[in-house]
Every structure is written in C-alpha cells, then in structure tokens.
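One chain follows as structure tokens, the form predicted alone.
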Amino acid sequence: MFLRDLKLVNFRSYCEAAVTFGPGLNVVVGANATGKTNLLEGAFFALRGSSPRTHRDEKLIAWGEGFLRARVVADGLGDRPQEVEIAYAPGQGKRMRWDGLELTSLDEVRSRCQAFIFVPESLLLVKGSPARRRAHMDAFAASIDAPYAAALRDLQAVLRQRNAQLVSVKNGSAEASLEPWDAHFARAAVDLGRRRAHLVADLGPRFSGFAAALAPADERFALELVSQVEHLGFDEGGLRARLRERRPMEVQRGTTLLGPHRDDVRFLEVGGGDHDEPGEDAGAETLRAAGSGSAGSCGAVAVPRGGRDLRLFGSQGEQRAAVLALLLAEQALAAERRGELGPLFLDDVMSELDDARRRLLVATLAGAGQVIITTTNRRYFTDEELAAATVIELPLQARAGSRRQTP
C-alpha cells in the first residue's frame, strides 16, 4: 500500500494544501517552521484517525477555524485507489469515511490499513515511562490481532472493577468479596500476558535485525519483556496466590499492584560476538576493560551481563535508531500478518544520526515500501539517493498565508 494524494484543510499550520507522493522513498525538504512535521502528522491522522503528538484533537485545528479535514487517496489496498477522509469539529466529534462508507469507530479505520510514524515525541518510547511503551505495543498489537484487542479490553474492564472492589474493602466490605474478582483478573491477566509475550517474541528477531542493520559497528540488540505474570509461568493459581499475599497492601492503596498493567519492554544492546543474552544472570555487573587492566587505564568497556539498557545508557543517536528499528519491525510483522506493507513516516530522523548511520538507514529503507521522510538539509542524502526519490519542497505552493499554528 502507498499513499498517493493528501489534502489537508485547517490542519495545524495548513489552511488548505495538497501534495502527491510517489512509491518508494519520498524526501520532504524545508526549513524549520515550514510545516514538515504537520504534513506527516496530517497524513497519519487521515489513515489512523489520531495524532502521535497529542490526544486532544482540538489542538490539530488551525488557529481561528472551527473544523479540520484530512483526506488521502491510497493505492494497493484493492483493485483500485481508495479514498479515506476524516473530519473533526469540537462538539461534533469525528466523521470518518472509507470510499464513501461511513465508519463508526477508530477500530474500523485502523483495521483497514497500517501506517507507522516517527516524530520527535517518539523518542519517549525509549526514554519515557513503561506506561507509554505498553500503550504503544498494545495499540500496535490490537490493530493487527482482534483476539489481542479483545483480551486487552477484558483486562482493562476487570482491572477497573477489581480496583473499585479494593476501595470498597478498604471502606469496610468483606475481604472475601475480592475472591471472584481475583479469579476473573487472573484469567484476563494470564491471557493478555501470554499474548504480549508472544508479540515481543515475534517482534524481537525483527527488531534485532533492523537495529543491527542501523549500527555502524558489530553490535547486537534485543527487546526484552519485563513481566510479572511471565515470571509466574502464566499460572492462574500462582497469580491468585500472589494476589492474596499482597492483598493488605493493595487494599491500603486501593489499586492492583501485580499484573500485565505493570509490564515494561526494554531496549537492550547485548554486545557482539559471544556476549550473554538478556535475562541471563541480569544482576551480575561483569564489566571487562580492554587493554592491560592496569590502574588508571581507560579502555573499551564491555556490555554488562544482561545487556545495556538504552533508556539509561544509550546516546540520542542510539535511542533514535532503536525506535526506528522497532517501527521497521512492526511494519514487517504487520505485513506478514496482513499481506500489506504500510507506509512509514519519518520526521527529521537524519539530524541526530552520524553519516554512517544515515547511509545504513537509507539502505535499510529500500525494502520498507513507501517511506516519507522530512529533512531540513538535502546534504543528509547523497545525489544518488535523491535522484531515486520523490523530492517535495516546502513550503507548498497551495499553502495559504501565514496562518498561526494551534498551540
């Protein structure tokens, strides 16, 4: 699948603008404040019905306007081009059409096509909270796997109900009233926990391959799921026993402290050569210094046993490469599951990469289907790379005036 035409009306800094993309690599070139990020955000919004930068749709509307509209024409989803349009107005919600057919939910939009985006906020997938990583993984998995989406809804519903019952017990209800909720929660937690573990296991080898392809040196990388439920062997009885042990603390706090809603995903460098895989004696900090080892020497330090967590110890370039590798891994897995390679939107990814990583990234993107990448500097690309790409200059001719961007 590839995005052919995009039209934005009252979206961020665009009053009305239209652009045509090509298959393969598209390079959007423009100075700062010319609307590069807004262009990608608008395309993603049209295909997925939400923004990767904000949960408040009203922030997407151009300053002083009362609505927005984003429309795309996509090829490769059937025997003819298909048109997708999403409009939004405060107080009226979203109106979504797919080839003229009215859609009633975002799930309907997202089940029809895949799209993947990197914006500056995407670095929080590595640098941010476990909740952000869980939400990202769950949203991706739910869009390609209906049973995963159902398991996620079930877990969220029973978690709310169990937490409410914990508060009720704190206020005087009998502790025995928690037993049925413990049983329901354990079933839902084990179901979602298994599915999430399978997801990370499916993404892991793909992530490792793409991360290695983006690394100039002989480095190896891994995704690691940190899961309390997996540690218990996905055993419902074991989880219920642990919940009973923690019941006094949970009642006191009024919240469930054990389960897949506490999972995390770690981005690890696991070294090169014969270094240990993540999870093997992860607490042992066995660092080896290269050279003679004499006092005062400062040689290369090996990766710790269990891996080097890029959230804590990765450079900005390494963290950026890790997020790109994850998106490429998700794109590849979605293509395997659904039979289509969704477009990849990359905003200003070249600026924090050294030249070696830039060349590796462009080479890797050659197999990623349609890629739309923004940059302030053509020199981040070679003449040969630009000659093979569709190059789009900003500001667009159709962009009207100097409309103030929504804060």
Partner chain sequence: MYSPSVDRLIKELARLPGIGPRSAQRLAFHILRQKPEQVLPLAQAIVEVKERIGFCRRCFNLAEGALCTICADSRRDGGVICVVEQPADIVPVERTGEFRGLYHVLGGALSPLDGVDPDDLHINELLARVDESVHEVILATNPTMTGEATAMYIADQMPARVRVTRLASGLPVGGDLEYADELTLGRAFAGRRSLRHEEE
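Keep in mind it's a predicted model, so treat the numbers as computed, not measured. Positions refer to the first chain, counted from 1.
One more form of this protein, predicted in complex with its partner chain, exists but is not displayed; see below.
Contact with its partner chain in the model of the complex holds for all three of 154, 165 and 184, each having a heavy atom within 4.5 Å. Among the residues 132, 170, 160, 231, the one placing a heavy atom within 4.5 Å of its partner chain in the model of the complex is 160.
Shown without its partner, this chain lists 99, 336, 108, 179 as candidates; in the model of the complex, only 179 has a non-hydrogen atom within 4.5 angstroms of its partner chain. Residues of just one listed stretch (199-207, 251-259, 121-129, 146-154) have heavy atoms within 4.5 Å of its partner chain in the model of the complex: 146-154.
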